[in-house]
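The chain below stands alone, shown as structure tokens; this is the form predicted alone.
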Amino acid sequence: MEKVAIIGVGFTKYDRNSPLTFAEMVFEATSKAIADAGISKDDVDNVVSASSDFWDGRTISSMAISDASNAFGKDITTVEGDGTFAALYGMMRILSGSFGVTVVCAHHKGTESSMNGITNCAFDPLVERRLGIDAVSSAALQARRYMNKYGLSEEQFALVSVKNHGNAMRNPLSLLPMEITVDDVMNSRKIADPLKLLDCSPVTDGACTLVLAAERFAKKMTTNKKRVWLKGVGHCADAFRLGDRDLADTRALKRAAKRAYAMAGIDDPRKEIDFAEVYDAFSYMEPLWLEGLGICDDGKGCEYLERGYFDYGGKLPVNASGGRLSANPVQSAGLYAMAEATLQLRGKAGKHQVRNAETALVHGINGMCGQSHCVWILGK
């Protein structure tokens, strides 16, 4: 099977109340990615975009940014969900043999949207939606279930916020770099018990673009230092209704990770992965998903956190960028994580560069409480 590489990355600065339109954000990110790849826009033969009609406030939202994403006169298709799933679709199009160079872009303006209203509409309209449940309150249910199942505490979850906001201090792109303590997290405003303000990611605007290329094009167009290979990917979905799942059971993620590891030839992720960008829109999610990824046993993620295993200078740095807790443009967050991993593997991550970065894991989710997961393994 032919390999596929990321040859270009581009993104806008994380922002609040960005003055740019959706199209202007996508144009900036895509222009930067094409320039980073060192190619012409004419070298791109197809586009995959990730967007949401609800978040954009208009129907068929993908077509409104098609010109800005360099799709005029080309094949374009759309994914509704996190950017990691758009990258998966982009790779699949190349592996079909029909395309050679793919632009994958995603955009999000959370500050022009109603998080509560939009995520409430993701639930069943006859019963659940009328209860007022949304992304935050459903996450609170999941956090409580995780605590009860394994005897975990809010103070342990707060360690994630302390770590990731601290990591963000080294990342100039981050929206919320902060030096905080567990007490700061515990004393921040309650949002939905047991989640507090500093357990939650900020509303963020941002667009990100990757340029993917088939091996035969990647080697002609770019240098070895620029190319980062997509070595493995796996995705899997759980049941839609929260009541049909044990919210502390990561069975879908385990299946996705198993497939990604098998494709990448990874036998022991704890030893073979050098760093990870894991979905952490809420603090409790990071240890929960790390358990599902097989980095630690079920219920043991917080113990690893307390030992500093996932610190920037730890054995397996997690969210060295600051993670979603420091900036979370929902639709494009996964692509930002893949761009971050690409820069790390190139050795171009600046002050938050991870030492000896050879193999990276990137994780994205779609749906409430991690209904669907996409796991990527990237490498040199």
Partner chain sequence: MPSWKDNVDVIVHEGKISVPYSWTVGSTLSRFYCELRDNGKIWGNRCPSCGKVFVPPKIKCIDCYEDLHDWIALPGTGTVETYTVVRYEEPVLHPRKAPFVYAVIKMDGADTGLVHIIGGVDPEQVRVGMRVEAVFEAKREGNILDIKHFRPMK
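Positions refer to the first chain, counted from 1. Just so it is clear, the structure is predicted and the values come from calculations on it, not from any experiment.
Omitted here: the form predicted together with its partner chain. The next part is about that form.
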Within 4.5 Å of its partner chain in the model of the complex: all of Leu159, Gly265 and Gly313, by heavy atom?
no
Exercise: Asn148 in contact with its partner chain in the model of the complex, heavy atom 4.5 Å
yes
Report yes if any heavy atom of Thr77 sits within 4.5 Å of a heavy atom of its partner chain in the model of the complex; otherwise report no.
no
So, in the model of the complex, is Gly57 in contact with its partner chain at a 4.5 angstroms heavy atom limit?
yes
Flag Asn116 as yes or no: does it have a non-hydrogen atom within 4.5 angstroms of any non-hydrogen atom of its partner chain in the model of the complex?
yes
Pick the stretch from 288-296, 235-243, 272-280, 170-178 whose residues have a heavy atom within 4.5 Å of its partner chain in the model of the complex.
235-243
One residue of Ala140, Leu198, Val228, Leu88 in contact with its partner chain, assessed in the model of the complex (non-hydrogen atom, 4.5 angstroms)
Ala140
Just give me the single entry in Thr102, Thr204, Thr222, Asn120 that has a non-hydrogen atom within 4.5 angstroms of its partner chain in the model of the complex.
Asn120
With the partner left out here, which residues of 128-156 have a non-hydrogen atom within 4.5 Å of its partner chain in the model of the complex?
Glu128, Arg129, Arg130, Leu131, Gly132, Ile133, Asp134, Val136, Ser137, Ala140, Leu141, Arg144, Arg145, Asn148
